[in-house]
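The chain below stands alone, shown as structure tokens; this is the form predicted on its own.
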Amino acid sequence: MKIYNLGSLNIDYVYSVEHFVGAGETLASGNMQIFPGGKGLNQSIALSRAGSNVIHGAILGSDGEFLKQIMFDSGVDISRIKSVKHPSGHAIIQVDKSGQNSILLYGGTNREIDREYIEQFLSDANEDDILVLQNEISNLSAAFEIAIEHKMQIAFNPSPFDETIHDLPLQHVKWWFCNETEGEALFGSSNPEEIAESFIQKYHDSNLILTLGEKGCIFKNADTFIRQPIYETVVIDTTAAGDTFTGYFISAVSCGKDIEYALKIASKASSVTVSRKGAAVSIPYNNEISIA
């Protein structure tokens, strides 16, 4: 089984602030740092550091070569990333004193992915290989169509959420990764149990992993409901916590581990990520993770 990740590559500009900037407000930042980021990059690094072989697909500007380097250093297959001269995607990230973040995203070359590129990227995909997708790239509909043609498992994180997601053939998603905000937008409730119930009524053959921040996470499919608590830690920066969870969970299930183990290892890895500064650089290696 191969794991493909067609996902965003971003340059993250991270600003430390007392509180998030409000409308009409000018606020001084105590610090600014530049990190590699993007949900796609973070998830590929998490997959690889969890022990999986992952092939990354993306289009990257000449300003983002260091993004390829950190993926290469983490063991990600970057041979299919296409380089162009246009500006890469970037994010402006505010991190407040409690470690919470607020993100403004610019798509850049992440919005230049076309059907031809996706067909080339997935040309050797086989049945039951996994395709990881987020909503930070262009032509998601083509990615879905091609993955369905190859009979792949689709793992989808509908973030950042927008109404175009409803136009995708979502019944073909095997693994859903949503937070509370995305769950409410998709299923019309802020109550986690109601989200899970609405999900399974609509997507009976799929699996929902609903992350709930400090309340842990929920797994739901037609046969199983599991609530997984967090592993307590000192929170420094929540950036990439969800991407770490996604990567570690997919890695575990792709290796044949059961759902309970996958939830635990993904939760533990995420607890390490939030205890560190930055996005991709904060994602742990599997030899740093142990669960009882």
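Since we're looking at a predicted model, the values are computed, not measured. The first residue of the shown sequence is 1; numbering continues from there.
One more form of this protein should be noted, the form predicted together with a small molecule, which is absent from this view; the next part is about it.
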Interface membership of residue 37, the small molecule in the predicted bound form, 4.5 Å heavy atom rule
yes
Does the small molecule come within 4.5 Å of any heavy atom of residue 42 in the predicted bound form?
yes
Would you classify residue 10 as touching the small molecule in the predicted bound form, given a 4.5 Å non-hydrogen atom cut-off?
yes
Test of understanding: in the predicted bound form, would residue 52 fall inside 4.5 Å of the small molecule by heavy atoms?
no
Could you tell me which stretch in 65-73, 52-60, 223-231, 237-245 has residues with non-hydrogen atoms within 4.5 Å of the small molecule in the predicted bound form?
237-245
I need to confirm a contact call. Of 137, 93, 155, 195, which residue comes within 4.5 Å of the small molecule in the predicted bound form, counting heavy atoms only?
93
Select from the listed residues 103, 185, 84, 148 the one whose heavy atoms reach within 4.5 Å of the small molecule in the predicted bound form.
103
